[in-house]
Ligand SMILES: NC(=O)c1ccc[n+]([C@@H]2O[C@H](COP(=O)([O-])OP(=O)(O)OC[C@H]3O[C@@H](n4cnc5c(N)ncnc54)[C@H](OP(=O)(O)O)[C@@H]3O)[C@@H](O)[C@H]2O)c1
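What follows is one chain in C-alpha cells, specifically the form predicted alone.
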C-alpha cells in the first residue's frame, strides 16, 4: 500500500464493520491517524465505536466529540437482491439516512466521501464517463444514483467515488469456487455476467488518496477491461492446478438475477491524472485476491 500524507485530524468511518470499512480502519491506524467508527450493531458499541443506524431517524444522533475532518460513508445495503426485495428499508439506508447524515456532516465543516458503484449506469457501453447521464437498471443502482445527485448538490465538501467490483482476499464467491473445486465438485459461474475487478487494497489506497487530496466531485475506479465470472473461475482453477472440467458455466438468467450490465468498466482518466494511480491487471486481481501466490 502506498504511503500518503494525511493530516492528523480524526476521520469518521461510517459502517466500519464491512470489508472496506474494516480495511480503512487498519490503513488509517497504520498511518497513525485517529479514527472514529460507527456500527449499527448495538453489541459492538464501545468508547471508540458509536451506534448509528441509517434506517432510523438520525436527527438526534450526536456527532463524535472529536473535531472530525473527513467522513467516509461505507454503510449501505449493498445486496442487490435485498434492495429488490426490501425497497423501502434499503432506500431508508442508502438514500434517506445517507443524505441526512451527509448534510449534517457538511454543515459541520466535514469533508464527506461517498462510496458508490458502476451500477448507476446501464452498462451498455464500456468506459462510461463520470459526467455521462446515469441510467440505473435495478433498485441498488437507482438508490445510489439518487443519493449521489443529492450529495453532489452540497458542493465541494463532497466526493463521490464510484467503484466497479471490489475483490477481497476472503471473498465468499472465489473462496467457494476454490473449496468446491478442491473437493471435486462442479461450479457454475456465469458466462454472461462480467466484472472489472479491483483489489481491496487498491480500493483502500484510492480512498486514502482522496482523503489526503480532498478531491471533490466524482472519481471513478475500475480495471482496464471486463472479464466474465466464468473466465475468472477458469483462471483461478488454472493457477491452482485444479480440474477445469468441473467448471460448468451458466447464464445469469437461470439464477433469477434481475440485471447484469454488458460492461462494468468506467472512465478512470481522473484517477490516473489527478491521483496518479496505475490500474491493476484483472487476472492478477482475481488470482491474488483468491489467496494464490503468483510466480
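Residue numbers count along the first chain shown, from 1. The model shown is predicted, which means the values in this text are computed figures rather than measured ones.
Form predicted in complex with this ligand: not shown, discussed below.
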**OP:** Could you work out which of 52, 242, 230, 31 is the residue within 4.5 angstroms of this ligand in the predicted complex, going by heavy atoms?
**Re:** 52
**OP:** Name the single residue among 270, 263, 235, 40 that comes within 4.5 Å of this ligand in the predicted complex, judging by heavy atoms.
**Re:** 40
Original post:
Can you pick the stretch from 73-81, 147-155, 122-130, 180-188 whose heavy atoms fall within 4.5 Å of this ligand in the predicted complex?
Top reply: 73-81
Original post:
Using 4.5 Å between non-hydrogen atoms, is residue 143 touching this ligand in the predicted complex?
Top reply: no
Original post:
Contact between residue 111 and this ligand in the predicted complex at 4.5 Å, heavy atoms?
Top reply: no
**OP:** Evaluate residue 159 for contact with this ligand in the predicted complex, applying a 4.5 angstroms cut-off between non-hydrogen atoms, and reply yes or no.
**Re:** no
Original post:
Heavy atoms within 4.5 Å of this ligand in the predicted complex: does residue 20 have any?
Top reply: yes
Subject >> in the predicted complex: members of 112-138 within 4.5 Å of this ligand, any heavy atom >> reply: 115, 116, 117
